[in-house]
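Given next, in structure tokens, is a single chain: the form predicted alone.
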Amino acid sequence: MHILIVGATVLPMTASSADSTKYYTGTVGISDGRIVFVGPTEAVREDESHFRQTHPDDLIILDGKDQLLMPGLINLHNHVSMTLLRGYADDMALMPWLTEKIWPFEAKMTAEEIYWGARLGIAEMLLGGTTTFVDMYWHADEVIRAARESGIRGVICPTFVGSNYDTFEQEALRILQDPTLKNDPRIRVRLAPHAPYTCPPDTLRKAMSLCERFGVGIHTHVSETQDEQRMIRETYGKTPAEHLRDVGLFEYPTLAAHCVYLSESDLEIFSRYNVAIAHNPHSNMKLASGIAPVTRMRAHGLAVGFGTDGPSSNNDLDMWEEMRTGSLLQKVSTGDPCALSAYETLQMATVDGARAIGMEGELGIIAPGARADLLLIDTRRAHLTPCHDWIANLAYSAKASDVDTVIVEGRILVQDGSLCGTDLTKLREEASRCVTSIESRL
């Protein structure tokens, strides 16, 4: 597929934070899933002309007037099938929430139900401009199926707690040995031990042996709550970061979710091992887990991006809300109104998210050679008017409903604010059917 986007306000996310020129009116050419050229309208006039001549019969032209073009958003932490638990258990502390409500419900979920939950959640993400998500869940092969059918990009992470490691290993091997994944540009796999307090060291080491064998990384929860800090200290005499370092987990590319409680020593460990972090402000607020020290993480040079967490602890998959809240939380928690500026916030959702999953330079930017994962924002909104600065408007005013067009790997998945080729009514009906069935088995 060949696509030409003309006359849009282009935000390439390639400028430094100090660069005053961050967006311009321009044109972008896309071919075979990659960006071929991008630049201000006059500067790329010859490129545009050549592109039109090269693809006279199979070129899709998108008019970018009154629209802002930017890289797709990267959701670094999710349990997407938990759309089926949206609103099921609210206003509870984390551990009772997990043990009394969430885990018993999840134990009744079938592979098919996880598939339909994933399809609904992916639809929600695409409509809001998320083009890549990192998912941690059981029956991960069903999440992969849902991602493939939807067209979204996914880093899919089969997960386990200590008690179900054997079942997990069978699933992980089935996925890791799937020959079709080697040629799928949109799906990557990591392994996901749930957390240090649910996965004993022997199971972590077994998972690490699979990482070694198949060359994949790790995704796990780390230092989410004070209860976790206490449990790990009582059991191992260390912080969670120290414990995972000593087990050897950080020898493999690691994306750590939450990281609300990190000491300076922990941050130095993360920096030494290039541990990336998925910051989940709404989930951490709702469960009263705390406020992650994002400004200190970034000062240590860590790759920190945003995640929504699952829809049962958020309760949606809206990355725009995460960005705005994430920035404001850093300002109020540090007492510094300049903390996590608007542009830095957008970087976390794009550039830094790509870096966190090992795709720096391929995702999160609009540049020649990068993958064509993009979104167009309809700027003709009351809450986006007037525009003194598009960076500020995006970080502090934009909403998921402003997304007009979404492109993943050069394929248009959302246009005019609607999903292409996906029956959203059917997804909603199937999800409701699944919930009724699960509740009948509780």
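The structure displayed is predicted, hence computed values, not measured ones. A residue's number is simply how far along the shown sequence it sits, counting from 1.
Heads up, the form predicted in complex with another copy of the chain isn't pictured, but that's what we're talking about next.
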Though another copy of the chain is not shown, can you say which of 147, 287, 191, 257 has a heavy atom within 4.5 Å of it in the predicted complex?
287
Please identify the residue among 229, 295, 325, 198 with any heavy atom within 4.5 Å of another copy of the chain in the predicted complex.
325
Can you tell me which of 352-360, 151-159, 82-90, 169-177 lies within 4.5 Å of another copy of the chain in the predicted complex, counting heavy atoms only?
82-90
How about residue 392: is it within 4.5 Å of another copy of the chain in the predicted complex, going by heavy atoms?
yes
Within 4.5 Å, heavy atoms only: does residue 237 come near another copy of the chain in the predicted complex?
no
Does any part of residue 318 reach within 4.5 Å of another copy of the chain in the predicted complex? Heavy atoms only, please.
yes
Answer yes if any heavy atom of residue 109 is within 4.5 Å of a heavy atom of another copy of the chain in the predicted complex; otherwise answer no.
no
Could you list which residues of 392-415 come within 4.5 Å of another copy of the chain in the predicted complex, counting heavy atoms only?
392, 393, 396, 397, 399, 401
